[in-house]
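In structure tokens, the next block holds one chain alone, the form predicted alone.
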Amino acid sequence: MKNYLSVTDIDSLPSWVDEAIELKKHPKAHKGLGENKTIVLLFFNNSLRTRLSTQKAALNLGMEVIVMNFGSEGWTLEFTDGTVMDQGKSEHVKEAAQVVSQYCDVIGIRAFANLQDKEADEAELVINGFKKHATVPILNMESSVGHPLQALADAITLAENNNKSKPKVVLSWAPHPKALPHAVANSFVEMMHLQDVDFVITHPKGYELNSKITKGATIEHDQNKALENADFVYVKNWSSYQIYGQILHQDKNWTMTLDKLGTAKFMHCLPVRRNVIVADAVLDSNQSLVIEQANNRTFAAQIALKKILENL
């Protein structure tokens, strides 16, 4: 595997999950694999779990790590070919990607959607710009339309906590005061397509995700009906896809409570707004898996980096 850009880069999810769980038992077992190798992590957006877990994963593999908050520390980049750069952007990705490649063996990139131009977001200008012009592999640490490291951590968490041959997994929308991207939800849906689960997506009408991604999934607009007999409930907010990037409403009836959750395990990628997305009682209960999910971010990143390093 040259790059890890999306869930579709996983050749065998069960083997990746098994290997990641084994890495948890022996995190430094492959430390020699990254010896004399460097990863540069470029953050165009803020991060907590992604930054720390990816750094830890790289260190577990013996890599040197360089981190740059590109949004505040780097030159503003241009990504369009043929542009006359007589405005605010100082450097083209053609040069930037090649220069950064000279300093490292792998580049990790985190660049969110701007939620203003659907076509530009779906073109993945930052990730694809670096992929096109860099001379080293690229690791997606969340892009405009996907968060494959989070989805892989979710798959690991499900495997560790599941005791059924075909569990029921529900992805539920929840209210949020800000317009949020679709990346986490998109990649979670893609990951569920790779698993033998009874999968249901529930959200109010108007909050449909990209139909190309949700194709084949059961979609239920009645949250209570969707949650019946659920084993795992993943709660996440996203803005409208059809009326792109807009908040249509903030229906507080969609906040996850213990009554709604029933006996299911609760999942969320974090950060989470307490008593908006989910009630305190859920997060503080033994049904919450959010801390486990955050821990598994290290091993999701580590297995992805291991696959990349093995092919250098």
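Note that residue numbering begins at 1 and tracks the sequence as displayed. Being a predicted model, the structure only gives us computed values, none of them experimental.
What follows is about the form predicted in complex with phosphoric acid mono(formamide)ester, which we do not show.
Of the heavy atoms in Met267, none are within 4.5 Å of phosphoric acid mono(formamide)ester in the predicted bound form.
Residue contact with phosphoric acid mono(formamide)ester in the predicted bound form: Ser47 places a heavy atom within 4.5 Å of it.
Phosphoric acid mono(formamide)ester in the predicted bound form is not approached by Gly62, whose heavy atoms all lie more than 4.5 angstroms from it. Of the heavy atoms in Arg110, some are within 4.5 Å of phosphoric acid mono(formamide)ester in the predicted bound form. Although phosphoric acid mono(formamide)ester is omitted here, in the predicted bound form all of Glu142, Pro271 and Arg297 have a heavy atom within 4.5 Å of it.
The candidate stretches are 85 to 93, 98 to 106, 113 to 121, 144 to 152, and the one lying within 4.5 Å of phosphoric acid mono(formamide)ester in the predicted bound form by heavy atoms is 144 to 152.
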